[in-house]
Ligand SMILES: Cc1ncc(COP(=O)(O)O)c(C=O)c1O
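Just the one chain here, the form predicted alone, laid out as structure tokens.
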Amino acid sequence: MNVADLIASRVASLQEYAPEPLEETARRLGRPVAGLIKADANENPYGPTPAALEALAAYDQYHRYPDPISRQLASAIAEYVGVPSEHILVGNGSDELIDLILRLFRPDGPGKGIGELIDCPPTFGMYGFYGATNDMQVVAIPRRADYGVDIDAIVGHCKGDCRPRILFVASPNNPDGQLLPDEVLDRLLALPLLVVLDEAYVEFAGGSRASWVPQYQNLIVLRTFSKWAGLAGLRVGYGVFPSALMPSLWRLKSPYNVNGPAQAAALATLRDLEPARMVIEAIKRDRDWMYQQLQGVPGLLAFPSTANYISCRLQVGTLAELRAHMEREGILLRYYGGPGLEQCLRISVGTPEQNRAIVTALEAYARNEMRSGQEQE
């Protein structure tokens, strides 16, 4: 028996997601880790709050299994987002919850499950990934040129065939940073769609729709502690679900899915929110400062953002040349390609010192390219 021949066919179409660890990048560039500016993953440069760090330092239950349903944390989250705790399910990051939702509705017979996932690229790539792994047909309805959701195309698609579908939409969207307007969400919820609204970055934008969930049977809101709370390494996300789905979700989810230290750190963050709120406000101020500076860089078109990152389109040179230049300066950015993101890059907001270094390096690249272009003329 050749076990490789038994692998499900859907796996062949998947792309491995394995970003280079920071230590490997430092080795490749011949720099110490401390000499790098990591602005490629939308992480919080300030890390966990003091209360979260204290909770981690004091944690002494490594030999015990954690609470399998994160009772204390779910209760604190419910108070934080303003919904009853029976709507809250905590997960091992938002990724686990995306997969859990799709496993819940994975088609398994006539009339059972949902067979189609609507994706709105460019956006977070894991929606389509988990759709494919759960045997769903992934239908891409691209965003408009301004990165707004093409609501008319979605409405037309659903009118042509009224089967229930799942639609994933991020607000703010990654990588452009736009919020989904209320009127667009209203139109989506009026369709035969289960709408999964990913609010991973909403703390930097405001306007959460978590409180809408108890009013709708077809709205799920996902949130995370990775960005605003600086807990990306601990993987704590949560979903706000319609009550009708909760019994099935409890049956389907993995036991002990959120580890003990992660629960303790997230709970400590919510019990002492002021330090986190101060960091959020600092990042928002620095984002707005960076956007203003980037608007003055020749050959770079910056897009306004409500998240903790800014996307740009490079108009001089190539992304490969820019990446080489920035890495020589020890700066790591996220570089894109493909439909809708040609010549695009994304910059995570860092500390003021890091932001100034990024802008300075981009200005130097633009000057060199402009000078080179003039010499060729």
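Just so it is clear, the structure is predicted and the values come from calculations on it, not from any experiment. The numbering used is simple: start at 1 and walk along the sequence shown.
If you look for the form predicted in complex with this ligand, you will not find it shown, but the lines that follow are about it.
Options 274-282, 205-213, 287-295, 124-132; stretch whose heavy atom lies within 4.5 Å of this ligand in the model of the complex: Of the options given, it is 124-132.
Interface residue in the model of the complex among 305, 269, 174, 263, criterion: non-hydrogen atom within 4.5 angstroms of this ligand: Filtering the options by heavy-atom distance leaves 174.
Listed residue that, although this ligand is not shown, lies within 4.5 Å of it in the model of the complex (heavy atoms), from 149, 196, 200, 89: The residue from 149, 196, 200, 89 that makes the contact is 200.
Residues 94, 227 and 235 all lining this ligand in the model of the complex, heavy atom within 4.5 Å: Yes, the whole candidate spot contacts this ligand.
4.5 Å heavy atom contact, residue 240 and this ligand in the model of the complex: So residue 240 does not count as contacting this ligand.
Distance check, residue 154 to this ligand in the model of the complex, heavy atom within 4.5 Å: No, residue 154 is distant from the partner.
Non-hydrogen atom contact residue 102 with this ligand in the model of the complex at 4.5 angstroms: No, residue 102 sits far enough from this ligand in the model of the complex that none of its heavy atoms falls within 4.5 Å.
4.5 angstroms heavy atom contact with this ligand in the model of the complex for residue 73: Heavy-atom contact with this ligand at 4.5 Å: absent for residue 73.
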